[in-house]
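There is one chain below, alone, in structure tokens, taken in the form predicted alone.
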Amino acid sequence: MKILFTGSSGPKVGATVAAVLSKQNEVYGIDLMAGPTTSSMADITQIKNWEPYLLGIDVVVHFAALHAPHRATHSRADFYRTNVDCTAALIDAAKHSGVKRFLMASSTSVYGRAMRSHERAVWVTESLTPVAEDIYDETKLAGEALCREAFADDFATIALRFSRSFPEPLPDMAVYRLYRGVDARDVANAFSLALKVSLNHFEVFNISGKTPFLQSDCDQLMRDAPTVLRQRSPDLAQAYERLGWLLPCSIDRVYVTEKAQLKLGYQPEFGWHHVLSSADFLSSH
């Protein structure tokens, strides 16, 4: 399978996903920076003709975008030009070039204010209506809408909303894998699965780590997360105690991946154990 991958040198997740996909596919990457799977160094906002890049391509995987940290350095117009206008142009060009599938990298951030609750943890499934909190959420949702409108029998479109997947302090990153974080390798696996899944309409999927929590835990997760953690993930609670780390007092959301598990066959593999066994962890203890 031939894949055009935008954002293929991305320092957070894009490069990992591109590398994994390249093991079984021909990946042609586009990015501002050089990278192992990047064959064209280019700014997507400056590409006026996508046709040469799309020749013979079966699938487009679209990661290139401005992200939340860029809010401090880029204008609203920049966000719309990159995250919306470029996405629209690429979708249109892909569809007219005979590309069969378009996978968009989205984010669980798009749920925005819908996740703000002071009473109970929010059980975040794809049925939760997003309420954009900032320009990043706004433009990612606009990109998803473009994918939804473009879906056709011969042009499948999917948006994968993945959760936090960047390096953070180990105590945070480990526990996040239970409810609001994911390893980049699991994101890559989700995209691999999305390359082949049969769909009748546009789909969005939450991609996050495996949670031990139940929806019935949501009240107590907000009020007394340590008690729930000791019940649902005793090994993690014991590891934190051994290391002198504090469990979070409150958990305000749980990203649910049941839909991705059912329709994609997604099964996250790299949970909190992998965080604690990382080279960074071993070198610091």
Ligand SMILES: NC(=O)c1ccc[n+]([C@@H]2O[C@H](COP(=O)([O-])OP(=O)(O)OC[C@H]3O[C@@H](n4cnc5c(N)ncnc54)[C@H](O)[C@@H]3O)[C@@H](O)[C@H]2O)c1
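The model shown is predicted, which means the values in this text are computed figures rather than measured ones. In case it trips you up, residue 1 is the first one in the sequence shown, and so on.
One more form of this protein exists, namely the form predicted in complex with the named molecule; it is left out here, but the text below deals with it.
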Legend entry - Candidate stretches 157-165, 195-203, 209-217, 89-97 - the one whose heavy atoms come within 4.5 Å of the named molecule in the predicted complex: 157-165
Inset, instruction - Let me know the one among L264, V13, V20, L276 whose heavy atoms come within 4.5 Å of the named molecule in the predicted complex, would you? - result: V13
Inset, instruction - Find the only residue in F151, Y136, Y176, W123 having a heavy atom within 4.5 Å of the named molecule in the predicted complex. - result: Y136
Inset, instruction - Indicate whether the named molecule has at least one heavy atom within 4.5 Å of a heavy atom of D43 in the predicted complex. - result: yes
Legend entry - Partner proximity in the predicted complex: N189 to the named molecule, non-hydrogen atom cutoff 4.5 Å: no
Inset, instruction - Report yes if any heavy atom of F63 sits within 4.5 Å of a heavy atom of the named molecule in the predicted complex; otherwise report no. - result: yes
Legend entry - Non-hydrogen atom contact A239 with the named molecule in the predicted complex at 4.5 angstroms: no
